[in-house]
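Quick heads-up: the structure tokens below are two forms of one chain, split into structure 1 and structure 2.
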Structure 1
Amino acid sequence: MEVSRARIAGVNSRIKVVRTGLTASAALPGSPPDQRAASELALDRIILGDCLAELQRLPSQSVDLVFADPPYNLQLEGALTRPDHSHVDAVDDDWDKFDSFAEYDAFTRAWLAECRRVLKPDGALWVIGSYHNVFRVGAILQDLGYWILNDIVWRKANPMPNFRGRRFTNAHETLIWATPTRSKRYTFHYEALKGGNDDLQMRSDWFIPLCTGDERLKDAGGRKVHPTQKPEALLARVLLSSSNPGDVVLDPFLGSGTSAAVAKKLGRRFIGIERDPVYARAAQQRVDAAAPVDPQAFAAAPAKRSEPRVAFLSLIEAGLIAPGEMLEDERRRHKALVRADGTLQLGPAVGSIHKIGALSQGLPSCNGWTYWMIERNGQRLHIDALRGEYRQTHRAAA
């Protein structure tokens, strides 16, 4: 999280001194952002400067994914203490303070508009917040023309208790996943997420621990470098679900650099913007220490819907299934005869693997590839496995 009040008034503060590894933007008088070449993107760099000023320098439609962890505007009044009167290390930094909701809304609208401009048409934005700000952010997103795909509840395994006992323990934060326009063109690795979730659809509530232990950045005195450092597991799930290797990930509020470090590990390019030199320095050291994962470990598996269509008849013609064999459902309640023309027969009814599968269950539709099973080498498998074998064989031949 980071913010500058000056940006609301249109004053773009500049930071002239840049340490090794950090990038300072160069002024381009009279050169609007839309006219800049994509080659000028400061890829895999942390830009030290004001988020709005730096966003305005980026080319339009140059970024695949935005992850934003903006100020929450917590509106804390005074120090927060535990029952034993010890001090709670809460978020009370100046970057999280605004004079009014109107000021916060103006700031939010400005940076979200710039993010929408720099996003590619098939790109997406993730923004995380708490009950203090996420509803305002969501409304502004919709006002600006974004299309909200999901809200994700990040359930914290070890949340800070409510010391005063006046409210419920705040045990979650909310992420909004949105596209710049209402479009079906966006990245979502449904099958990969499902496969990593024991073949169950990934839900919209994610149970992930807070950032603790060795992952938490500390200064020489043992104090937290950043009060709201996010866990790498959270960012990894975001990037693996909705981006591809080589994509450009932009974080306009880089903070301690979690998004940049995870992007580097997972083979994504990143652009980080941070105005606080202390945070930027810690983030750079963290990125420098991040070791990329073997590319084969994060390569995105092709989505089934994007793979070439294979007709059931093709499996028969390739000898993977023989006419006269019997298919059955997983519970062995129904058996259907495979015909030479690629249809199935169940009693007097003849039709496609989908039509006969639906008929056997009394349903209007059915995915025959995952409904029907066949026996091979003493094992039962879905005919979808044979379709995968067919694709693999023909892909290699091509």
Structure 2
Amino acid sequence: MEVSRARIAGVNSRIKVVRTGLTASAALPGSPPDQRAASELALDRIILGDCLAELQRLPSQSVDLVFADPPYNLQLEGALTRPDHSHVDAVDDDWDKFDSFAEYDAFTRAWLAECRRVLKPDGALWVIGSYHNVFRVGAILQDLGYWILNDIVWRKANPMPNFRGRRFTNAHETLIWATPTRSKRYTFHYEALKGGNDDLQMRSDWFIPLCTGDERLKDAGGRKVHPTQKPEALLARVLLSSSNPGDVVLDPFLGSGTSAAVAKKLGRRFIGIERDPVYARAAQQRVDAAAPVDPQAFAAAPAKRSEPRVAFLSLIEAGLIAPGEMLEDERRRHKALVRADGTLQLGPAVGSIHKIGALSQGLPSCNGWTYWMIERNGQRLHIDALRGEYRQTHRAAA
């Protein structure tokens, strides 16, 4: 999973191609979606166009991760307001809400369904929202067959206070992490996250400051370019936890381009869709200015699960353990004989290091590598240490 310098250079040069201007959807008029193979997918580009129309052009099962920050406030979205919104009195309020919700739901269902089509089977989707919209998004997502893995709470370090003092300070937003189907194949860098968190599992509540200061995009007049620019730290945690270097990250509501900028910095590929030319241009400039961090700093960490398997027999064949030696558990309660074929013998029972380990304890299963110990140079070692030794000496060959 090492990312070479050549690869990074390749990413950079590709970005340079689109740096000349936005890739407007109008530039691709004659390409029907069904004829576009995944290999043709143009990457590291910002598409200026309608979210739904552009999603429909993307090939199926071509994207590793979707990050979506859809509109929260129905009233402010031109496409979602009723034409005759002008006079709504209190009596009509419920109907108005129902109409708005129905429209919002239809819109949500449409883009979530397209994202599900575009996602690879082992990909995943993240959506962020507030209480205004996240319940609808979450329910629709479940209805469409997505499988929720976690809901994550982004706890804001410095939220806007509630000026009227009529509610609790709205100090968090919610993210939903889901796979397109109920699948066990998804990316999650458990050990890396744990390593960065004082060796404790990363929890579902994340404490991250708002996007402020230099990170916040401003226009020439010093006004913020986008009203809800997300902090890069939030996106970084999303991408680092659930994607790999080189993965394709799609953002159907790119906005100020946080997801694309972080994707570039962390060695991921991106596709961003944005309808507003002002946002799209700002995002493009931001992406152009973003510099990838040292590839060593985001290269996939070796996870135990992904280490190559080693048969216990291989240790015997490599001379690290001799047939006839005895293994013991930590407390020296059980003692087993190493046989030449890589099995253990404990009394009359013969089986794998795991089976005999489980049997000796009366448990349904056991990791023999971390259960059995052997004596070497007057010290006791888990046989897992010898496995590590074996892997080290055989890594060069591979």
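What we label the rigid core is the largest C-alpha set whose atoms superpose within 1.5 Å from one form to the other. No experiment lies behind these values; they were computed from the predicted model shown. Structure 1's sequence is the ruler for residue numbers, which start at 1.
Chemist: Specify the structure that is the form predicted alone; exactly one of the two qualifies.
Modeler: Answer 1, the form predicted alone.
Chemist: Superposing on the rigid core, I want to see if residue 366 changes position between structures 1 and 2 - specifically a Cα shift of 2 Å or more.
Modeler: Yes: residue 366 shifts by at least 2 Å between structures 1 and 2.
Chemist: Rigid core superposed, CA of residue 336 - does it shift 2 Å or more between structures 1 and 2?
Modeler: Shift at residue 336: 2 Å or more after core fit.
Chemist: Superpose on the rigid core, then tell me if the C-alpha of residue 59 is displaced by 2 angstroms or more between structures 1 and 2.
Modeler: No.
Chemist: After superposing on the rigid core, how much does the Cα of residue 346 shift between structures 1 and 2, in Å?
Modeler: On core superposition, this C-alpha lies 14.1 Å from its counterpart.
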